[in-house]
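Next up is one chain by itself, shown in structure tokens, the form predicted alone.
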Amino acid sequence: MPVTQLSDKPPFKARAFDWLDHRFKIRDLTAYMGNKVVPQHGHSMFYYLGGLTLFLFLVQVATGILLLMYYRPGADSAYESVKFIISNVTFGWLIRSIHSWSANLMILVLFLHMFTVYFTQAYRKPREMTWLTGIGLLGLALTFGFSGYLLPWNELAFFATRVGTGMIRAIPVIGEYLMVVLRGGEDVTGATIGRFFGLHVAILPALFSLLLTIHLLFVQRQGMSEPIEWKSSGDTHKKYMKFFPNFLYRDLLVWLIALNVLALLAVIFPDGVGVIHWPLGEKADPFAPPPAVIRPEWYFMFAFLTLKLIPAKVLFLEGEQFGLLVMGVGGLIWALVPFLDKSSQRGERSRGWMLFGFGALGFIVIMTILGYILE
């Protein structure tokens, strides 16, 4: 009777892994991930805000691609295509709702992430470029919101975009030119939709993806920032958690919770709720009188109200020019804080920069609330 010999070949799974490892050095990557650690302290929960922002951006991309299959830009087709998505496409209303909710939540989480990084002084050396790329991502996210607001071509979006783009005219020297370039003419027309559509689905996603990749590379190479107090404390007070799998599993759990919250909001409030809403309403009519109240999105309200409250003339500048100049200088100082805050580079907290941060946060919150009270 012939004797059956056992094969010396390793299992298929092992051979497949070896095949991939030989080409992509997977073992080196897993070894690197296994050696990474995350500081554990009282503010460790803030580390999950960055991953949550990434998750919401991925949701934006996925739902945006689905909406793109039916959306048609143009003054004669944009409104009708959105109405068709809501009314006729299976679960089209749900995809639009998830897209809108995830956009608002992403900007909210980005603001929270920025301020937590600021108040923990995680921007200090050697993470200056990580901070700058994060500021750039916030600016692109706000531009995403502005460019996407016009795409349904409804009444409120039309007049709000006219007001928003009109403010660009206040920029000295190049303001008029920028407004015409952005609108595609002197007024908001079908050409404006085409420009905003190209900006929203092509230019901004490309820039955001590139900057996000750079930002994530910085974070991975530099690791999570340790509390500034740890610099003067002994090693006995320091605690760490392995990035893989401990932190990564927790991060994925946050993603799962966010997905459930997003789904509940989209189902229960498909057109938004309160000041965060996006009903389709009536189609835009350039010859109709503007609505009694024109409000920007909540994340622009503080800037909108500030420009509205400034007098028509301040010194030798127009009110809007003065407002844009002051906010521009303030934004530049905010972006350059890692280079200006010398105390944090020495491992010390700066009372002046803490007050500056609380002042910026208070200004944004108070002006946003007043914007809805006074309107």
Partner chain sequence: MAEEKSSSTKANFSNEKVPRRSFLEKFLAAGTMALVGAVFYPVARFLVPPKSGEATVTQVKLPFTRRDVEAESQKGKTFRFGRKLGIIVLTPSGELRAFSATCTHLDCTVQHRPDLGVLWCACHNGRYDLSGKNIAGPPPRPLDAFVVNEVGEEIFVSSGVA
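Because the structure is predicted, anything quoted here is derived from the model rather than measured. Residue numbers count along the first chain shown, from 1. In this text, the rigid core denotes the largest set of C-alpha atoms whose superposition between the two forms falls within 1.5 Å.
Same protein, other form: the form predicted together with its partner chain, not shown, and the subject of what follows.
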property: Its partner chain contact in the model of the complex: Tyr32, any heavy atom under 4.5 Å; result: no
property: Close approach of Phe84 to its partner chain in the model of the complex, 4.5 Å, heavy atom; result: yes
property: Proximity of Val59 to its partner chain in the model of the complex, heavy atoms at 4.5 Å; result: no
property: Proximity of Ile214 to its partner chain in the model of the complex, heavy atoms at 4.5 Å; result: no
property: Its partner chain in the model of the complex reached by all of Leu52, Ala258 and Val273, non-hydrogen atom within 4.5 Å; result: no
property: Partner-proximal stretch of 328-336, 63-71, 36-44, 303-311 relative to its partner chain in the model of the complex, 4.5 angstroms, heavy atom; result: 63-71
property: Partner-contacting position among Val89, Leu138, Leu108, Ile171 - heavy atom within 4.5 Å of its partner chain in the model of the complex; result: Val89
property: Option touching its partner chain, based on a heavy atom within 4.5 Å in the model of the complex, out of Met179, Ala75, Leu94, Met241; result: Leu94
property: Rigid core fit then Ile366 CA moved by 2 Å or more between the shown form and the other one; result: no
property: Residue shift check between the shown form and the other one, rigid core fit, Leu355 Cα at least 2 Å; result: no
